[in-house]
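Here's a solo chain for you in structure tokens, the form predicted alone.
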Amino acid sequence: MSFLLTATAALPALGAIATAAVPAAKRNAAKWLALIVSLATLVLAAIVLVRFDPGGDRYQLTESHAWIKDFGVRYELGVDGIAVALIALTALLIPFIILAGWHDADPLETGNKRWRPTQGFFALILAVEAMVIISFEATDVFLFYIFFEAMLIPMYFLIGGFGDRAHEHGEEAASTQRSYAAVKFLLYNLAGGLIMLAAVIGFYVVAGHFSLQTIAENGVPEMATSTERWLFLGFFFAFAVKAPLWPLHTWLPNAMQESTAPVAVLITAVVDKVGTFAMLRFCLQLFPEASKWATPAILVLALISIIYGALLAVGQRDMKRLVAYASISHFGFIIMGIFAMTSQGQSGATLYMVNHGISTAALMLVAGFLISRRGSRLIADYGGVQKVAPVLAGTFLIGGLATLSLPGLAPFVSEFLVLVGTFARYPVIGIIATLGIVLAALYTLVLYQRTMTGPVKAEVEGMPDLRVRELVVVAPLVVLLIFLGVYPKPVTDIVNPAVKQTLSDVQKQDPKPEVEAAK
């Protein structure tokens, strides 16, 4: 039995403890320790990726140990192609998040100077990484639930305790807004988790166990139609809050606005992916009939998310809120692809999770570098940046073009697959969803025009271009966006077998194309 999956999740957890234990006077040592641990975790994730066989068993590198015998709870881990891709994404992004936030937890130098525990900031990031990774690995429903909920605690402190310093109304107002955003994030997700807990208990009563591996071997336990639908709704509600899906999305703009840029990336590029991943792994596999029953309503909600998020992004004055609403629109595409119940749609949705993580990280981190220079999140406070910081403006443009899914950049392939897969079964939904692409071009290009072009504003004059540390963060993300835009095969080869197994769970096949008979 391999312990590779345990090691991949345990390393950042132990690193978090070690980083938190670094003496207060050794802030730089804590930073370097966190970075080294994140890089070592990336190495382990790469080993998981190499050892995974896309043509092999559904769950690989499995581990199974008795935990709470009286309730049938086991410490059970295993990965399929979807989980492997998202573990690799998580491990890849965390080093960039740490580097980008290198100075975000340094003591504030203001009149109301207050202490910010640098060690705690980086320890919390590693703790979130550990919990997200084990959530992707868990094949025991109860084990997944524990870490699905536990990751809320470190995220709460990252949002409320280490928020963005750029605030138009001063530090006191900023502190109030950070607290509000953190509490709203926690309450929304705890509410979803509470409903899910009831569904988890209900599932155990019906099945007598929590093991996905057992279900993969023996099939889904028989249950009444009404029971299956109620249990499905309990799971789906929690995942829709995390995803976030309209109308359960309202915590995200506040959380991203008040967080530092690296923490905002952690939220939307890493943590939120657990919600969409869980829809594939748990909703479709455990409740296939209920998933098909709920599909029309979920597709409508996903379509509303796409259009609603894009429309609100167009009207934003705050850069971070714009990216937040754009992400709501993108998550709508992901959920639409999942519930289109086609191989193209689900492959596109999984690929979209990876590509959205990379593109959002690129755009948000460059936006964070820009905000740290000017001290403002407001779009109107910028202008002419490309004349004084051309490299910063260029990377900002690439991140923006990736966000609008420009052909040649990674998100285009995934968005195209989602739309093709949706159109094949639900043509009206697919056609209306294309409006999201048009709106994405509008809010992205307007954002670039207002911040980077035109006359150089006085406050922007003398703004330094990207520094070496910042280039180290952004350059690999840009390279990945271009590489996966031209050659997505390495990811699709890994996820496609898992997608076929998921479609088999819900007994769905791709619709046959209608070809007009030759006259």
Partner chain sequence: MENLIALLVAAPLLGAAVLLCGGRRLDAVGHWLGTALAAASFVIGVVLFADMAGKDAEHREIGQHLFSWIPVEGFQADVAFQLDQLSMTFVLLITGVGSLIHVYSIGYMEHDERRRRFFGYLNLFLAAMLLLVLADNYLLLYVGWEGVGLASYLLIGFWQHKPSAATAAKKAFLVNRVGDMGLSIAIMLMFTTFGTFAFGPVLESTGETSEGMLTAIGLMLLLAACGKSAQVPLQSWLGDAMEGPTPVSALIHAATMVTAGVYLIVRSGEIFNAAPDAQLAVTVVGAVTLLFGAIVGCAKDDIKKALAGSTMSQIGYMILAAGLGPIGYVFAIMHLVTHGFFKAGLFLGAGSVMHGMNDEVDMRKYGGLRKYMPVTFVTFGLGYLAIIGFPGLSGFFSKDKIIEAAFAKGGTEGWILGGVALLGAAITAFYMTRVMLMTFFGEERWQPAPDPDKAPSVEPGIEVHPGEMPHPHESPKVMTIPMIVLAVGSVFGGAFFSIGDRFIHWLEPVTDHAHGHPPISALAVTMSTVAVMVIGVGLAWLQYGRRPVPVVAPRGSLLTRAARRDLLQDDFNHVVLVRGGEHLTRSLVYVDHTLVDGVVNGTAATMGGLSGRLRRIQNGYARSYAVSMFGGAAILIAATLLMRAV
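These numbers come from a predicted model, not from an experiment. Positions refer to the first chain, counted from 1.
The protein also exists as the form predicted in complex with the partner chain; that form is not presented, and the subsequent description refers to it.
For the partner chain in the predicted bound form, the listed stretch (96-104, 414-422, 278-286, 201-209) containing residues with heavy atoms inside 4.5 Å is 414-422. Here is the short version: of 293, 230, 71, 180, the single residue with a heavy atom within 4.5 Å of the partner chain in the predicted bound form is 180.
Note on contacts: among 121, 369, 325, 145, the single residue with a heavy atom within 4.5 Å of the partner chain in the predicted bound form is 325. Taking the partner from elsewhere, no residue among 150, 193 and 360 has a non-hydrogen atom within 4.5 angstroms of the partner chain in the predicted bound form. For the chain shown alone, residue 249 is a contact residue for the partner chain in the predicted bound form, at least one non-hydrogen atom being within 4.5 angstroms. Shown alone here, residue 476 lies farther than 4.5 Å from the partner chain in the predicted bound form, counting heavy atoms only.
The closest non-hydrogen atom of residue 493 lies within 4.5 Å of the partner chain in the predicted bound form. Within this chain, residue 486 lines the site of the partner chain in the predicted bound form, having a heavy atom no more than 4.5 Å away. Residues are counted as partner-facing when one of their heavy atoms sits within 4.5 Å of the partner chain in the predicted bound form; in 450-472 these are 453, 454, 455, in sequence order.
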